[in-house]
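Single chain ahead, written as structure tokens, the form predicted alone.
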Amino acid sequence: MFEDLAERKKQARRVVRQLKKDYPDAECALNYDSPFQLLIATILSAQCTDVRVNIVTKDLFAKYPDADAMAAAPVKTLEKIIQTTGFFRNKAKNIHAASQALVDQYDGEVPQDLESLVELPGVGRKTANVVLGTAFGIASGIVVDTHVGRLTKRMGLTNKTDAVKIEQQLLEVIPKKEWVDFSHRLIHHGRAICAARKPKCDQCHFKKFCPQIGVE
């Protein structure tokens, strides 16, 4: 990692600038029609690919499109629908409980603040940041998924492994106006070029300034 904060900020500017050039229209890969649906899809995306989640939510949201419908659904039925996303029993319990909480406390609407969101069952800081940034355009933080964690370490922006600590280091160097798009763009770059095992460094526009930390 670039140890000096000024150097890290300089590196962050390079990364942000190149991401904007390479992925100007990057968006969230999850399919949704409402903040509620994005919330549920994000909960389901834990330890699961976005492609798989989108397949599952197509049926799930057709039957239970909003918090009222999801809260009224039998948990066992939810388990069957989301089974292929992994950890399905815990996820079914959480999406049911979160939906019930939304109905009871917020008239079925998704609250637009971090503190309220993270109190919902199954919702951590990452999920809250996804919903606030993507559904509402509120820059509450930086979403740190496996791609963001891996790439920012490779590029010298962090030396942490814990998502919360990685986010804290990124918040120091990424301008707030870039927080939401930064994650979307970095995730696209991780999928297209900077893979975990065999990154395509020879095709990468970042190679002129990327220290390639951890790349063999």
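Note that residue numbering follows the sequence shown and begins at 1. Since the structure is predicted, the reported quantities are computational estimates derived from the model, not experimental observations.
Note that the form predicted in complex with the DNA isn't included here; everything after this is about it.
- Heavy atoms of residue 196 reach within 4.5 Å of the DNA in the predicted complex, making it an interface residue.
- When the DNA is considered in the predicted complex, residue 29 lines it closely, a heavy atom lying within 4.5 Å.
- With a 4.5 Å cutoff on heavy atoms, residue 99 does not count as touching the DNA in the predicted complex; it lies far away.
- At a distance threshold of 4.5 angstroms between non-hydrogen atoms, residue 111 is out of contact with the DNA in the predicted complex.
- Among 46, 60, 173, 166, the residue placing a heavy atom within 4.5 Å of the DNA in the predicted complex is 46.
- Contacts to the DNA in the predicted complex (heavy atom within 4.5 Å) from stretch 74-104: 83, 84, 85, 86, 87, 88, 89, 90.
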